[in-house]
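Only one chain is shown below, in structure tokens, and it's the form predicted alone.
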């Protein structure tokens, strides 16, 4: 009995169980629509974890992460369609491009704090969207880019690819926040003035956090473009459907928690799809009501509020 109690108290048990379920899921979900929902959950989990590093652990709330998502999507598809670069290499180049553009954005925006930072990075997202929209000679403008051949040839293969990338992002974020770099991020979040007094160059470390977050967001933008096989400026640079949705995933799941992005992604995708099918145009109202309920009654998100009842299970 003691042995089973020790097993149940193991902090890594949820991760092992979820990994096993994720691996066999395509064998159970024969319906392609359900598999599509699983892929969306993985997509938003990865995006939520990427945003969580900056917004949750470093305390810099960004409403403009669509700039990195859109950059990743366009870089990978433009390199492939214009120069014939492999889509696999496009994943890497997408992340690098998003990370590089994060440097000047961070250098400018991190001079501001609080809501001013959030609004300034949002402005950069809108500026880049307009550039892509009107630079028709390169980006095709509002027509968008159609991808003929995806990175993999089946939805099941894409699920496993998305699963691998999402797992890597979650593990890397978890690794970073438990090391010296992560402690600096958390110190900046908790008290930036005190962190500066201790000798932490806060602007530099905030840029580091933004670069890592942007890299993973860019990679996910590339994967999204491969999955949908079509992008345009209104889709990948959307503030509401991309940037704000990333924030909501983490807020619903739990800011600054490991499991928050996964729980938030499940909530967002299932509520979105369920309300859209049941209430059609009223789905946005239902979705908004859920957010209000969580903020009022679960201010720390689902995971943050459940920690007191689950012991170590949500501390991994």
Partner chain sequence: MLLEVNGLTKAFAGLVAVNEVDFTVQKGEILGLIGPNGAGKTTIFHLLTGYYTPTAGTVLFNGKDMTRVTPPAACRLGLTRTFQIVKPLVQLTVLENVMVGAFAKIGNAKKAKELALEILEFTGQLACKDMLAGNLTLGMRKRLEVSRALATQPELLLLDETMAGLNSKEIADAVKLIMKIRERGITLVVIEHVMKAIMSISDRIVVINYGKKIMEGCPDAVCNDQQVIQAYLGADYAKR
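All figures in this text were calculated on a predicted structure; none of them were measured in a lab. Positions refer to the first chain, counted from 1.
Below: the form predicted in complex with the partner chain, not depicted.
Under a 4.5 angstroms non-hydrogen atom cutoff, the partner chain in the predicted complex lacks residue 224 among its neighbouring residues. Contact check for residue 206: no non-hydrogen atom falls within 4.5 Å of the partner chain in the predicted complex. Residue 184 belongs to the set of residues with a heavy atom inside 4.5 Å of the partner chain in the predicted complex. Of the heavy atoms in residue 153, none are within 4.5 Å of the partner chain in the predicted complex. Per the 4.5 Å heavy atom criterion, the partner chain in the predicted complex is contacted by stretch 187-195, the sole one of 187-195, 72-80, 138-146, 94-102.
In summary, among the residues 235, 161, 167, 200, the only one with a non-hydrogen atom within 4.5 Å of the partner chain in the predicted complex is 200. Of all the residues from 30-69, none has a non-hydrogen atom no more than 4.5 Å from the partner chain in the predicted complex.
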